[in-house]
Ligand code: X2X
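Encoded as structure tokens, the following chain is the form predicted alone, with no partner shown.
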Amino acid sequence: MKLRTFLGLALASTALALPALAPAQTAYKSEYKMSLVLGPAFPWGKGGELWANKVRERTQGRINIKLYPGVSLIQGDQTREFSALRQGVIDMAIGSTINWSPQVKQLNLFSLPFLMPDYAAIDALTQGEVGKSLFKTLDQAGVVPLAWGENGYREISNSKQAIKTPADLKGLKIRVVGSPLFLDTFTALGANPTQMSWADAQPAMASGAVDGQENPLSIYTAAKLHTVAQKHLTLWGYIADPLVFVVNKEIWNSWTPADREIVRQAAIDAGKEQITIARKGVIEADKPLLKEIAANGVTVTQLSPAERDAFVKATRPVYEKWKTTVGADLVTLAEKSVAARRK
């Protein structure tokens, strides 16, 4: 009897201990939804494809990711993507710092006009202390940030004339994304900024309802904007748009620690590859992408340092105004990081 009692107690205590040793794992979903603005024909979407493939291979199919380009999970509304991600409507995303800046004001840092003069400056921010600080902010905002990607420098095109000075922008109707900082910047340059979706922008350019737009060269070429009257292109590099690879927190917590590490490393690896793709054609000495664009009858203008300075001066009041919104300490850290970069 004593032996039975002892065995019964031993089994009971073992049963009680088991849940603590091996907590029940939430069942994995058969498919995880990844939101993207652009599909794999663009460097942005290609980053999503690379990430999904790496995760599928490295988890032996335990984590299967499906791409939803055109922010189709939220009816194409880019500005709702971050909120939907936080709420769990979206499982994971590669998001634009511009699109998410209304919800996370610190991300407006990258849209401060002429903060980043070259690719080394972008890398100094995303891969340094500024990047770490922004990842903490995103984590506190309710998502799990894993890696950086890149949509690229936003260059300006129009149907009227070559843009070499701020005066050349006077009165031009320029399509911009829905950000107050963009509206302020183009208003300061004398343009008429017009907020509209990308789907509406292309027909508006074709009809002449809008004179111009600003976007990375990868979008200019993939969308064949020379066919909608965008025959004048100026490389001014006024802002760049880093992308962020993120996962919804509940989804993240549902995976084993080992799988979380696989997803994180896959994001980092995919991000590096995606950045290389995004910069292809413009970082080489002969800049083959510019030759390809010019071959379509487009006038490509590259600003001299003095010409660029005129735009910097014209937009400086906007930069100073937004410094407090972004966070003065973060902007100062960014300025120091850019100044100390390896060129």
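Numbering starts at 1 and runs along the sequence shown. No experiment lies behind these values; they were computed from the predicted model shown.
There is also a form predicted together with the named molecule; it is not shown, and the following applies to it.
Contact here is defined as any heavy atom lying within 4.5 Å of the named molecule in the model of the complex, and by that definition each of W44, S96 and N151 is a contact residue. Contact check for S101: no non-hydrogen atom falls within 4.5 Å of the named molecule in the model of the complex.
Although the partner is absent from this view, A191 stays clear of the named molecule in the model of the complex, with no non-hydrogen atom inside 4.5 angstroms. The shortest heavy atom separation between D241 and the named molecule in the model of the complex is within 4.5 Å. By the criterion of a heavy atom within 4.5 Å, L38 is counted among the residues contacting the named molecule in the model of the complex.
Only one segment in the set 124-132, 155-163, 172-180, 230-238 has residues whose heavy atoms sit within 4.5 Å of the named molecule in the model of the complex; it is 172-180. Between the named molecule and the residues V144, I268, I219, A84, the one pair within 4.5 Å by heavy atoms in the model of the complex involves I219. Just one of N108, N215, N248, T185 comes within 4.5 Å of the named molecule in the model of the complex, counting any heavy atom, and that one is N215. The partner is not shown here, but in the model of the complex the stretch 67-85 reaches within 4.5 angstroms of the named molecule through a heavy atom at Q78 alone.
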